[in-house]
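Only one chain is given next, in structure tokens, and it is the form predicted alone.
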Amino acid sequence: MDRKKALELVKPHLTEHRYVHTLGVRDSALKLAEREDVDYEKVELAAIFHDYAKFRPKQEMRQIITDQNWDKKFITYGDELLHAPAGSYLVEKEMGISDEEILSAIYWHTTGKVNMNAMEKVLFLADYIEPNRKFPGVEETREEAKRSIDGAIIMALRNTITFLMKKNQPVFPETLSTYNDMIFKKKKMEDDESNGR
């Protein structure tokens, strides 16, 4: 599916504001992909369709997660998480996109996951730093993204976790696990470098 067709298909499912956000995510993902071993066409489709289910009825999304026997925590940890896994399902069923890398990137774009592959990292970070986002910490994360995708993801995760904790909201367990996983990997890499490995 080419870019023009994908954008035509996704636009009716989004508000104007969310469509502008989607274009920003696509542009940011393509910039990040220049430094990663990521298929440009795949990451572009993942970015275009990442919020496909954002405005679907909450009950429909909950039902998809239940019917697919996916982790029920997506339902219990807040409605903001529903559109990512539900979106991966709907993009496959309604748009005919069956590529596992694309679908997985969409599935995990809000929470992150342990051992994210390059495409999952690119979409997760692009969604966070796209140019229309304005919130505390985003500018510093954009700057870090120019140096290190992993470093920027760690910042994004830390900011998100801190934001939720300050609002007395629960933090999705996989998000905490993603943060820990990336911190441990960063520390190991730093240790290996200091030991000359």
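So that there is no doubt, residue numbering starts at 1 and follows the sequence shown. Fair warning: this is a prediction, and the values are worked out from it, not measured in the lab.
Unshown form predicted in complex with a small molecule; subsequent notes refer to it.
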query = Quick one: in the model of the complex, does every one of 21, 50 and 54 get a heavy atom within 4.5 Å of the small molecule?
reply = yes
query = Taking heavy atoms and a 4.5 Å cut-off, does residue 160 contact the small molecule in the model of the complex?
reply = yes
request  = Using a 4.5 Å heavy atom cut-off, state whether residue 30 contacts the small molecule in the model of the complex.
outcome  = no
Non-hydrogen atom contact residue 81 with the small molecule in the model of the complex at 4.5 angstroms = yes
query = Given that the partner is absent here, does residue 133 sit within 4.5 Å of the small molecule in the model of the complex, heavy atoms only?
reply = yes
key: Candidate from 154, 138, 65, 171 lying within 4.5 Å of the small molecule in the model of the complex - any heavy atom   = 171
query = Going by heavy atoms within 4.5 Å, which of 56-64, 33-41, 163-171, 146-154 lines up against the small molecule in the model of the complex?
reply = 163-171
